[in-house]
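Heads up, the chain below is alone and in the form predicted alone; it's given as structure tokens.
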């Protein structure tokens, strides 16, 4: 049961810090689409794929003292910052998780802006479609984001790079 929690803690261990709930949602979703063993269920939401399960799990980890959540006011809205605590590190030691390839993936994703992770996760959400159809879907469901053709193409390339650097057995 707590193995799902341990996998999330491993992600935070690799990231060191995640700034933004949206960024966290997208990072876990992308990792899941890259075949890492995250079990959270996702639905398409206003900002792309969203998991209520993940939100609840993160809240539990905070309540258990394994994650520290800091709420900061930034330009008229609140942003959340997550850091793994020493208790969380100790909890992780009880699990033998084979997630080494996840480290480079998480490090890379954590360097990306949330806006780009939103684009990448939306592309992956529609990955059962042909590339042209994916582009059309993105331009329709993410119209307000005004993603350029270059950004969309870069996102496809980034996804391929992630797939090539993360080989999960």
Partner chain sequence: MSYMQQQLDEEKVFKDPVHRYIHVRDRIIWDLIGTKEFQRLRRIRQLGTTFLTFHGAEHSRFSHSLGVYEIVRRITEIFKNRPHWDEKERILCLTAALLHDVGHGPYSHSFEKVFDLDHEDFTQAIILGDTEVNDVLKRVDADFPRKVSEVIAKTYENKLVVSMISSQIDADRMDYLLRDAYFTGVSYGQFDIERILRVMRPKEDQVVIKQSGMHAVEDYIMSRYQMYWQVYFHPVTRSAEVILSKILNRAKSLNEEGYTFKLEPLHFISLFKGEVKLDDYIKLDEGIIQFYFQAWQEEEDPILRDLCERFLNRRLFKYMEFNPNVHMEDWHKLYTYFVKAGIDPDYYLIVDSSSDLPYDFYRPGEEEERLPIHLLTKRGEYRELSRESTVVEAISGKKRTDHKLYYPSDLIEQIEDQDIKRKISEILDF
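As the structure is a prediction and not an experimental result, all values here were calculated from the model. Numbering follows the first chain given and starts at 1.
Although not depicted, the form predicted together with the partner chain is the subject of the following passage.
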Each of 46, 140 and 145 within 4.5 Å of the partner chain in the model of the complex, by any heavy atom, yes or no? yes
Heavy atom to heavy atom, is residue 29 within 4.5 Å of the partner chain in the model of the complex? no
Taking 4.5 angstroms as the cut-off for heavy atoms, does residue 59 touch the partner chain in the model of the complex? yes
In the model of the complex, does residue 55 have a heavy atom within 4.5 Å of the partner chain? yes
Residue 36: touches the partner chain in the model of the complex, heavy atom cutoff 4.5 angstroms: no
